[in-house]
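Just one chain follows, in the form predicted alone, and it is written as structure tokens.
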């Protein structure tokens, strides 16, 4: 295929990128690629530690898709071996390793969802257990001789734990080496990762040098800040937007991000053309309300299509702006005179994952009946025959409580 000129490729590749180490090597690799009409090998390794993907995961996946669209060869590594070690990156305690069965199940879900972003017709999917799992003990010893304990302790997370007298298991030192060995095995030209992966990516570059392989370029993407505006997006922090979420929830959650993140989300998680980004930045500053609706629409359209995005916008206008009860709101019958706990009602409706979550929502003012916030976690309701009340949980879950 005919590749775009190097300058045009670089403009696309640099979109949202935090750091490229070293950028001059990437330029040379791209020049050679164009001259020889040969795609670069782009590597992204993922440990399927959780079964569901969110927009935070999409940042680096979308960068790989950009490389695919530029004509380069994308290699997605499922960390069947490394996930069983447990990536210590960013951890202040030893991360528990996964079983083979957990890795396999999570990997299946990961690939299914990643297909919403990556072009699977142009994607090579490999499992690093295929080569790491067959290494002998002497192979591992030889690999460990490629670095030093002092070098490992340079890592921020290791040095903090060491200085705080917190335990570091020896197997955690093996993780960067195992990830780096992936680069030796694949002889890739570029490796992608978040900024928290910089140390691991540089280890791969060094191991390639030691094996007389042209060292990879390390490209780091930012960690997407979640909807709370403070911590990185994570299910653990409940500040995430899942790429498999229904259109209404995806649209509503997108509207909840702080104004100062509007431009960054447009840049990192949408397909808005580069030339439109300056105008979006201006609108985000002058008219954040409508800019945020544009963002919510763009994200929802990306994963669900235009009709679903239109429907999600209409749903928001109906239920939030006009404060109407949506047509799909289920009815919850309550026998006249019966006493029912609010916790049981919300549990029966599957509006929360547990009573603990429901109590948290009530304490945060996230539950209301007929627009009056519920403050008592022990609230009990009774209804007369034919009496109706509207229950709202969170921002988008409604039910009609009806006396029977």
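Whichever C-alpha set is largest while still superposing within 1.5 Å between the two forms counts as the rigid core. Predicted model, so just to flag it, every value in this text is computed and none were measured. Residue numbers count along the first chain shown, from 1.
Below, we refer to the form predicted together with the RNA, which is not included among the displayed structures.
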Candidate spot 9, 65 and 242, all three touching the RNA in the predicted complex (heavy atom, 4.5 Å):
no
Is there a heavy atom of residue 350 no more than 4.5 Å from a heavy atom of the RNA in the predicted complex?
no
Close approach of residue 166 to the RNA in the predicted complex, 4.5 Å, heavy atom
yes
According to a 4.5 angstroms non-hydrogen atom cut-off, is residue 173 in contact with the RNA in the predicted complex?
no
The RNA contact at residue 252 in the predicted complex, heavy atom, 4.5 Å
yes
292, 155, 304, 198 - the one with a heavy atom within 4.5 Å of the RNA in the predicted complex:
292
Sole residue of 48, 56, 39, 366 within 4.5 Å of the RNA in the predicted complex, by heavy atom
366
Of the listed stretches (40-48, 22-30, 373-381, 332-340), which one has a non-hydrogen atom within 4.5 Å of the RNA in the predicted complex?
373-381
Interface residues of 258-282 toward the RNA, as seen in the predicted complex [heavy atoms, 4.5 Å]:
258, 259
After a rigid core superposition, would you say the CA of residue 346 moves by 2 angstroms or more between this form and the one not shown, or not?
yes
Verify the C-alpha shift of residue 374 between this form and the one not shown: is it 2 Å or more after superposing the core?
yes
Taking 2 Å as the cut-off, check whether the CA of residue 395 shifts that much or more between this form and the one not shown after a rigid core fit.
yes
